[in-house]
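Take a look at this one chain, the form predicted on its own, written out in structure tokens.
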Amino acid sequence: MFCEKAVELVRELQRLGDGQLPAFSEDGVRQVLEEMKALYEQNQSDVNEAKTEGRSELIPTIKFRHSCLLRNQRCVAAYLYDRLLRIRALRWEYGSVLPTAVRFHMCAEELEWFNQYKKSLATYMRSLGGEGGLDITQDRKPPKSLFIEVRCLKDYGEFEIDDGTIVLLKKNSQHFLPRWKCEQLIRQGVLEHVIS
């Protein structure tokens, strides 16, 4: 039936919640594009036939196929746009380095888009707040305190704080560190906020 594959692409994204990125359905997109090409060629043939031979009974079929073409186009555009919105949200959630599992679900063009978005965001942040720039990805929620207690979930190595103190982040060690220095590592899964 017409447009089923295109609607299935949209349903696939709808089944997963926000913040989750399914694997890019290259086969699904290719099948929809092939269906669109076939519909277009059939329409071109019928339009030429209707013009040359005056067969007006073909017009409803042509309009139906054209509606199917437009619906497929909207579904593919919605699928791709929703994926880009999810990838953009991942940049804010994980930072500039995505986990391997997430990158595995992205196609080459999406990885390229992510890298361009990452560079654009970095350029914008450098232009804010004077000499060093301003990291707007930090403190997405207003902090209740400036320092937090964190537990290290994996060996990370040395971590330097603004005052020059170097802290060794080893697995299962606990530290009392500035919130704004830890948020990125918390999002990356290196540290965990200890709530007492």
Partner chain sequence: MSESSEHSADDELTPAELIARLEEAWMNEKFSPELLENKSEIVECVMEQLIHMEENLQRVKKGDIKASVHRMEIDRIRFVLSSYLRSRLQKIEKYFPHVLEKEKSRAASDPSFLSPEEFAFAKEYLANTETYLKAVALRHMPPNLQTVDILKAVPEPPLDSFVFLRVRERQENILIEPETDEQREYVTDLEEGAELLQDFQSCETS
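Just so it is clear, the structure is predicted and the values come from calculations on it, not from any experiment. Positions refer to the first chain, counted from 1.
One more form of this protein, predicted together with the partner chain, exists but is not displayed; see below.
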Among 149 to 157, 166 to 174, 49 to 57, 29 to 37, mark the stretch whose residues have heavy atoms within 4.5 Å of the partner chain in the predicted bound form. 29 to 37
Can you tell me if H66 lies within 4.5 angstroms of the partner chain in the predicted bound form, counting non-hydrogen atoms only? yes
Consider I161 of the chain shown here, and say whether it contacts the partner chain in the predicted bound form, taking contact as heavy atoms within 4.5 Å. no
Report whether the minimum heavy atom distance between Q73 and the partner chain in the predicted bound form is within 4.5 Å. yes
Would T61 sit within 4.5 Å of the partner chain in the predicted bound form, counting heavy atoms only? no
Taking L21, S45 and F104 as a possible spot, do all three reach the partner chain in the predicted bound form with a heavy atom inside 4.5 Å? no
Neighbours of the partner chain in the predicted bound form among 77 to 92 [non-hydrogen atom within 4.5 angstroms]: L80, Y81, L84, L85, R88, W92
